[in-house]
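Taking the form predicted on its own, here's one chain by itself in structure tokens.
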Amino acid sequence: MRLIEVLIRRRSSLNSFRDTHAHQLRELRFILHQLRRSPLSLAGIGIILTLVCLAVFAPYIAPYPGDAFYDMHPDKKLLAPQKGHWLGTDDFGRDMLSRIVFGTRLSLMIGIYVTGLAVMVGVPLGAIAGLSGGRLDEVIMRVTDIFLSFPPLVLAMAISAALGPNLINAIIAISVTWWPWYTRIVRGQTLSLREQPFIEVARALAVSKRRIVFRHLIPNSLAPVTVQASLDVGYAILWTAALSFVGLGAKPPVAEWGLMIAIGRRYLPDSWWYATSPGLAIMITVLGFNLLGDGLRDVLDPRLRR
């Protein structure tokens, strides 16, 4: 009897959850339906899920986990791809496949950190600027324009060089150059939302600006932000690799793809696999996030719902 009562309570709780979140569940079903209709989006999702699995299970997938850190094998230096070392070895005899697998974990973390920092700074500033208007809006947007007036990669290189060349500073430098894009996106959304009836009602009820921003404006501006963020994860990985390539990012012996390309170019064209393997890893990763971003853009486009 007690088991039956527990099952009944759980069933009623599930029904209550469905009734309360009916709109969100319909939105989720619509998104999944639209994604299934796009082969390229499914390909992007497949690539990203594969990369996530590689990152999570790297210690179990990599043939030689120690090669991603401090293990060295001088007797196996620059071996061509062969059985036992499917992507060859580097200049210290370390297995390239193992280093690329562990590099997947590092690259995904970098992409998430960079995009997350840019979103956390840019989104609230855009909502505040759009809702407030007047002098505060002018100040925020003029500062945004100053950052946008510089070539982003050049600005990131300058900031990274000023802070000191290492991976953490490279993440900070790229985040500093990207928050203005989210500020502009959310401000544009906020300008159209602040005249909507539900915002007028919130103002009439003397709801604080902070509550309006974080409970109404930001949640209703997430569609374009989600699309931009999904694209930016791939670009963050690419830009971090670029900074590492020019000596402003990761330092040896970190298994970072851009650093591996920078070292591998010294051995071209004889040891072509050294630079080619991490280059292909970057290309596939960026392609996966671009395909996902394009699919989300099509799914979240309001015109498709009409």
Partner chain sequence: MLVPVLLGVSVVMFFITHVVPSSPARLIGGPHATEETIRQIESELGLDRPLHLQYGIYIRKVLSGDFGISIHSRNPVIEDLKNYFPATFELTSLAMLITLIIGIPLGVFSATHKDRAADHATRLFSLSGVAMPLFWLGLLLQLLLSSYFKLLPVGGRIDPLVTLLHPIRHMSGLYLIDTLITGNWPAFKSAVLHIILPTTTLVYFLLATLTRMSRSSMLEILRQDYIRNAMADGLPEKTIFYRYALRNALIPTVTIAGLTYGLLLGGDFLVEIIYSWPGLGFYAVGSMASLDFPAIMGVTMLVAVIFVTVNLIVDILYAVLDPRIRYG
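Residue numbers count along the first chain shown, from 1. What you see is a predicted model; the values in this text were computed from it and never measured.
Omitted from view is the form predicted in complex with its partner chain, to which the following refers.
- Contact here is defined as any heavy atom lying within 4.5 Å of its partner chain in the model of the complex, and by that definition not a single one of M109, M120 and V299 is a contact residue.
- Its partner chain in the model of the complex is not approached by L78, whose heavy atoms all lie more than 4.5 angstroms from it.
- Its partner chain in the model of the complex is not approached by A255, whose heavy atoms all lie more than 4.5 angstroms from it.
- Not displayed here, its partner chain is approached by P151 to within 4.5 Å at the level of heavy atoms in the model of the complex.
- A residue is said to contact a partner when one of its heavy atoms sits within 4.5 Å of a partner heavy atom; V246 meets this definition for its partner chain in the model of the complex.
- Distance criterion of 4.5 Å from any heavy atom to its partner chain in the model of the complex singles out M157 from the list I171, L193, M157, I128.
- Residue A275 is the only one of L54, I48, A275, L42 with a heavy atom lying within 4.5 Å of its partner chain in the model of the complex.
- For the partner-free chain shown, A275, T276, G279, L280, I282, M283, V286, L287, N290, L291, D294 of 275 to 294 come within 4.5 angstroms of its partner chain in the model of the complex, judged by any non-hydrogen atom.
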